[in-house]
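So this first bit is one chain, no partners, the form predicted on its own, shown in C-alpha cells.
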C-alpha cells in the first residue's frame, strides 16, 4: 500500500479480503479505499459528508458520493457489500446505534473504529483538571469538536450485546501500536471492531 495509512485504517486494510466489495462510510479523502483498490483489487465505494474530501477522493479515481451516514445509508440495498466500514465517524453521528444497524444491513460484516473516551489520560484530565481532555487523538476543544457521543470500549461492547450482534474481531491501539485486550477500556486509545449480525 503506497500511502501510509492511519493505524486503524492499516489494520482494517490488512483484514479486508482481496477482491471484496467495500462501502467506506465517512471515507474522508479516500486513503483507505485507494489502498484497498491498489493492493487488494477491492471494489470500493465511499460516502462522505465533506465536499472537499469528496473532491479529493474523486480526484484519486474513486467512486465517492456526498452524503450523511445518519440519513443516506437507507438508500443502499441489503447485503450489497462484503464489508461496510465506519472509521472514526461513529462518535459524530446522531444515532450511532442506528448507523451500525444500517452498516450490518448493507454489509455482510462491518468494521467500526472509534477513539476510546475512557482512556486513562482522558479520565485523569477530567479528574485532576476538571476539563474535557485535548489529546493527540482528540485534538479539538469541547466547543469545536464534531464528537457528539463520547463512546468507550465497554459502552460499545454493551451495545453489541444488547443488540445481539456478533464480534468477529476486535483490536485495540495504544499510540500507533496494537495492544492487548486486557483492560482495553482503560489503556487503549482506539478500538476497531469487526461485527456481523
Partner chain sequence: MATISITEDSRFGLRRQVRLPGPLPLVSGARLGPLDIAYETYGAMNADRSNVILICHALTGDQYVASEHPITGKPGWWWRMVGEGKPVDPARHFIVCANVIGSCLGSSGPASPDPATGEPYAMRFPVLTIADMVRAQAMLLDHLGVDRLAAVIGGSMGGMQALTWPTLFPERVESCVVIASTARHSAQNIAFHEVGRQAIMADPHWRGGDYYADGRVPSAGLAVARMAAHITYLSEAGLTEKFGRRLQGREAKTFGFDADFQVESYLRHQGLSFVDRFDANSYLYITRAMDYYDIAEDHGGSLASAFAGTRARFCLVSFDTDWLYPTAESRIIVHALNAAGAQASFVELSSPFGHDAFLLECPELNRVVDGFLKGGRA
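This one's a predicted model, so the numbers in the text were calculated from it and none came from an experiment. Numbering follows the first chain given and starts at 1.
Keep in mind that the form predicted in complex with its partner chain is missing from the display, and what follows is about it.
**Prompt:** Do residue 31 and its partner chain share at least one heavy atom pair within 4.5 Å in the predicted complex?
**Reply:** Outside the cut-off, so no.
**Message:** Since only the chain is shown here, I'm wondering whether residue 56 would be in contact with its partner chain in the predicted complex (any heavy atom pair within 4.5 Å).
**Reply:** Residue 56: contacts its partner chain in the predicted complex.
**Prompt:** Would residue 51 sit within 4.5 Å of its partner chain in the predicted complex, counting heavy atoms only?
**Reply:** Close contact exists here: in the predicted complex, residue 51 approaches its partner chain to within 4.5 Å, heavy atoms only.
**Prompt:** If you check in the predicted complex, is residue 65 within 4.5 Å of its partner chain, heavy atoms only?
**Reply:** Yes - in the predicted complex, heavy atoms of residue 65 and its partner chain come within 4.5 Å of each other.
**Request:** Please pick, from 164, 139, 61, 129, the one residue with any non-hydrogen atom lying within 4.5 angstroms of its partner chain in the predicted complex.
**Result:** It is 61 that has a heavy atom within 4.5 Å of the partner.
**Prompt:** Can all three of 169, 190 and 196 be found with a heavy atom no more than 4.5 Å from its partner chain in the predicted complex?
**Reply:** The answer is no; none of 169, 190 and 196 reaches its partner chain.
**Item:** Location of its partner chain contact in the predicted complex, chosen stretch of 83-91, 97-105, 68-76, 111-119 [non-hydrogen atom, 4.5 Å]
**Value:** Stretch with heavy atoms near the partner: 68-76.
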